[in-house]
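Shown below, as structure tokens, is a lone chain in the form predicted on its own; questions about how it binds or moves come after it.
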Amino acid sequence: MTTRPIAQDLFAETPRPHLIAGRSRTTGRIVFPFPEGLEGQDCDPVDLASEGTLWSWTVQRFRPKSPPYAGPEAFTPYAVGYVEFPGQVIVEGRLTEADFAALRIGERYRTVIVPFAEDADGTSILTYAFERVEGTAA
């Protein structure tokens, strides 16, 4: 099966799945995703840690408006979390946890690469999500 990322230079799968941010050469500030345009010209790519801590979360219980939502027509609620990568940045992303009652702020989460949608030609579009690291109760 052919795959492609939802956006170029958003993440890398090796050595462990991780996100790619940008660090300003002027301020040292880290931003995710890597900025485009003039802001991006002042940034160097930074590999974020593959694991972070769940900082906050919520549940998306209805299908977002399209665009920008590009997911499947059939909608299933999902959790969205903010994962803090210590010393780097806090990133919003989908959580793979389906049991919303099990979500706990402070737990460890790792970046994973997951299928998002499929192109008309059958290419699987990949994006990132965060998966709880077992045994890291907050």
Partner chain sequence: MSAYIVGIGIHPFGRAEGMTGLDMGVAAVRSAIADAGVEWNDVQFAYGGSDASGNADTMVSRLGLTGVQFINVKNGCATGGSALFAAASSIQSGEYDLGVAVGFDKHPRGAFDPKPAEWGLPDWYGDIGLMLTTQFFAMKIQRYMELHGISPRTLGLVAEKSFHNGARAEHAWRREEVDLDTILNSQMVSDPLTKFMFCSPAEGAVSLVLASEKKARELGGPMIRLAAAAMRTRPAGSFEVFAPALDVERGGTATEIASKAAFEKAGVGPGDIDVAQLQDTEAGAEIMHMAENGFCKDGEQEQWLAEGRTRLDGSLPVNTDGGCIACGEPIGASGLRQVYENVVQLRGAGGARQVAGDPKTAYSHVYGAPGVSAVTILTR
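Remember, it's a predicted structure, so these values are computed and weren't measured experimentally. Numbering follows the first chain given and starts at 1.
Beyond what is shown, the protein has a form predicted in complex with the partner chain; the following relates to that form.
Among residues of the shown chain, T127 is one whose heavy atoms approach the partner chain to within 4.5 Å in the model of the complex.
Using a 4.5 angstroms threshold between heavy atoms, P45 stays clear of the partner chain in the model of the complex.
At least one heavy atom of P64 is located within 4.5 Å of the partner chain in the model of the complex. Interface membership of G37, defined by any non-hydrogen atom within 4.5 Å of the partner chain in the model of the complex, is ruled out. Residues are counted as partner-facing when one of their heavy atoms sits within 4.5 Å of the partner chain in the model of the complex; in 63-97 these are P64, K65, P67, P68, Y69, A70, G71, Y78, V80, G81, Y82, E84, F85, G87, Q88, V89, I90, V91, E92, G93, R94, in sequence order.
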